[in-house]
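Listed next as structure tokens is one chain, alone, in the form predicted on its own.
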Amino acid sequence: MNQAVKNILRFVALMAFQVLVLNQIEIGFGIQLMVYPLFIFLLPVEMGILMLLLLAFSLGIVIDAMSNTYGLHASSLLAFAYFRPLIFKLTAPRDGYDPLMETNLHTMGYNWFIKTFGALLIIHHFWFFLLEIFKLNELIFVLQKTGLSVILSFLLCLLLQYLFLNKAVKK
């Protein structure tokens, strides 16, 4: 499948899943499941920062418009996209990245995925909840929401990769 078509399908699928399913789930303890950062993470390594930021803003603003969150998703996804090249550089394999290889759990390995996606998801969630609450005296609550949401969102993203990317890698 063409890379552009694959990315468009991911954009629509993750956006729809986030807005129609995950935003409707109330877990408690301030936990919010967010899987849409996976779209930015799975984009090719060689993609420029301006294109990353444009795609991140586009996805975030669409989710904000459908969720009435006034820029929270767009802002936090922009932070995710901004730090992505830096985190990728810090966790690069010894031989560097293959520009043609997709950066996902199956092609890059568990350790790399846990380090890179975990760090980026922490940045994303912390920024989201910090802006949502917008009180420094509530920092402990922000950290609680961030920690619990990151763990569950990370596990859900792992599950999505096993369900949908595993078949694409084996072909």
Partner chain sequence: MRNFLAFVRRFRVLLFFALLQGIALSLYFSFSQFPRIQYLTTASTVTGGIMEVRNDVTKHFYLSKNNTALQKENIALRKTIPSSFIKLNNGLVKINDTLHLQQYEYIPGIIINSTHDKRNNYFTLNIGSQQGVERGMGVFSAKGVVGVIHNVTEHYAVIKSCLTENINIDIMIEKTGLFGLLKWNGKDARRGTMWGVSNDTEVKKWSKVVTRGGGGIFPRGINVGKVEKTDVVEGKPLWDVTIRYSEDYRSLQRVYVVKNLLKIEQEKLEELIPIEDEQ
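The structure displayed is predicted, hence computed values, not measured ones. Residue numbers count along the first chain shown, from 1.
One more form of this protein exists, namely the form predicted in complex with its partner chain; it is left out here, but the text below deals with it.
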property	result
Interface membership of Tyr110, its partner chain in the predicted complex, 4.5 Å heavy atom rule	no
Heavy atom of Leu72 within 4.5 Å of its partner chain in the predicted complex	yes
4.5 angstroms heavy atom contact with its partner chain in the predicted complex for Leu78	yes
Contact of Glu26 with its partner chain in the predicted complex (heavy atom, 4.5 Å)	yes
Check all three, Val19, Ile31 and Phe141, heavy atom within 4.5 Å of its partner chain in the predicted complex	yes
Those residues of 114-136 which, in the predicted complex, come within 4.5 Å of its partner chain by heavy atom	Trp127, Leu131, Glu132, Ile133, Phe134, Lys135
